[in-house]
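This document opens with one chain alone, in C-alpha cells, the form predicted on its own.
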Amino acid sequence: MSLFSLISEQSENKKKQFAVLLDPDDLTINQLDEIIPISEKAGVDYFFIGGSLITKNNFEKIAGHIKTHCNIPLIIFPGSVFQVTSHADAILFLSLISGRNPEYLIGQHVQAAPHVANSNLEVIPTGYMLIESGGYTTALYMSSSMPIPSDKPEIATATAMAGEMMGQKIIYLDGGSGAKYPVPREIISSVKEKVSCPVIVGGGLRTEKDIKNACSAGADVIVTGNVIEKDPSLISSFAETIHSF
C-alpha cells in the first residue's frame, strides 16, 4: 500500500496519525538514537524530514541513519529543491497555495522534478498553507509570502478548496517553525468540513491540550518538531493522546 493510500485510509476511518518532524540542521546522530526507539515504542506513524533552511551538509546522513535503524516510514517535508534523497519513502510535493510567490507555487518544483523522478520516491501532491501564528517564522521569511490571517477561516477554507480542486491530494496547515501559537481550531474545522482529502496540521503544537484541540477540530495527521527535539520524552504522551481519538 502506498503511503498516501495509508494516510487516506486512516483518515477515512477517523484514526488520527502522528508524525515527528526532524530537522537535519538541529539533530545529531546521538539525538536520533534517542528519538528512534522512543518513537517506535510509542507507535509514531511517520517521520517527516526537512527544514526551511538547511545549512549543514548532513541531510543524506540523517535520512540514511533513520532508514537503517527503524521501520517508521520516512517522508520528505522539503524546504528547497536540495532536500531530495532516495533514503526516504515518499516526498510531500509542496505547493505554497497560501502565498503568491511563484517560486514556491511552481518554480522550485520544476527544478526538483528531474531529481524526484530519478529517486523512485512516492510523490504526494500537497497544498501547503501557512497560517499566521503570532511571529515572523523561518518559513515566512524563506518563502517571501504572507500567511493567511489566523482570524480569517473563510480565506483558509476557500484556499484549501481551490487546492483540492487543482489536484492537491493533501492539505497541510502550518504555523511554521517557531510558531508562537498553533493553527486555530476554527480554521482546522472549517477546512476539514469543506475538503475531502486528508488534512495535516503542524506548527506551535507544544502541549497535549494543543494536540487535543487540533485532533478534535478534525486534523488527520498531527506534526510536532521543535518541542520533540528539546524533550524526546514527550513523544510517548503525544502519541497516546493522538491515537486515543
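In this text, all values refer to a predicted model and were calculated from it rather than measured experimentally. From 1 onward, residues are counted along the sequence shown.
Omitted from view is the form predicted together with a small molecule, to which the following refers.
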- Report whether the minimum heavy atom distance between residue 235 and the small molecule in the model of the complex is within 4.5 Å. no
- Query: Within a 4.5 Å heavy atom cut-off, is residue 39 in contact with the small molecule in the model of the complex?
  - Reply: no
- Message: My question is simply whether residue 179 lines the interface with the small molecule in the model of the complex - judged by any non-hydrogen atom within 4.5 Å.
- Response: yes
- in the model of the complex, does residue 198 have a heavy atom within 4.5 Å of the small molecule? no
- Of the candidate stretches 150-158, 67-75, 97-105, 171-179, the one with residues having heavy atoms within 4.5 Å of the small molecule in the model of the complex is 171-179
